[in-house]
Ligand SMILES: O=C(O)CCC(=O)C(=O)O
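One chain comes next, on its own, written as structure tokens: the form predicted on its own.
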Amino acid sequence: MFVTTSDAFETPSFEGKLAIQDNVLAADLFTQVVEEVATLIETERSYLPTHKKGGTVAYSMLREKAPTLVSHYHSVTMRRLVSRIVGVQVEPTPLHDESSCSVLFYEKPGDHINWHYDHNFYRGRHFTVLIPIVNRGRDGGLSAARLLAKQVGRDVEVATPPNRLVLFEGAEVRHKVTPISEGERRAVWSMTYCTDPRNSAFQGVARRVKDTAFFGLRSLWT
């Protein structure tokens, strides 16, 4: 089970529209998640010049291959946790959004993503949850890759050890991940939540275009 019950820890501040919480998953659940992520060998590699290079396992694949990740994404406990931190009620984003629940892999030299916002394709506020599952450097410590966020006009490094929750309002917080080095590996469980997951026709088309760039042509039919 999660260790994110209301009395498990003090609610972290969401000042700056970014919050972190260590050891967010109970040890047995985290072990189960690590084992499930290890079975995900078929990633969708994407390369967008000057912007992104890396691998992703999309929501549609996780629904087939990773039932633990998907069930906990939809769990009441996780929704309550995110809602409590951000101060508003949130819901999972729709099944057809391939970014609703995904696993991001940085495992080849130079894998990275440049400065960007997480575009909001919904009527309500949109939040991104990251839980690093693997972050392994060549020396046994963390990888060289770093998550950076713009906070009050300066670059702030957000450490990403395994089992740390990083929660932010992606459309408001500009962020990037620096390149990973040879022999290193990062696997990050990514989830999105929204206060109102409805969207306009234009937002729906824009979401499909984004998903196609990251997950391939199959996204045109989701």
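Because the structure is a prediction, the values reported are computed rather than measured. In this text, residue numbers run from 1 along the sequence as written.
What comes next is about the form predicted together with the named molecule, which is not displayed.
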| property | result |
| --- | --- |
| Position in contact with the named molecule when the complex is considered in the predicted bound form, options H116, R123, K108, R138, heavy atoms within 4.5 Å | H116 |
| The named molecule: the contacting residue among L142, I85, A149, L104 in the predicted bound form [heavy atom, 4.5 Å] | L104 |
| Heavy atom of I133 within 4.5 Å of the named molecule in the predicted bound form | no |
| 4.5 Å heavy atom contact, V177 and the named molecule in the predicted bound form | yes |
| Non-hydrogen atom contact M191 with the named molecule in the predicted bound form at 4.5 angstroms | no |
| Per-stretch contact check against the named molecule in the predicted bound form, the hit in 149 to 157, 58 to 66, 181 to 189, 25 to 33 (non-hydrogen atom, 4.5 angstroms) | 181 to 189 |
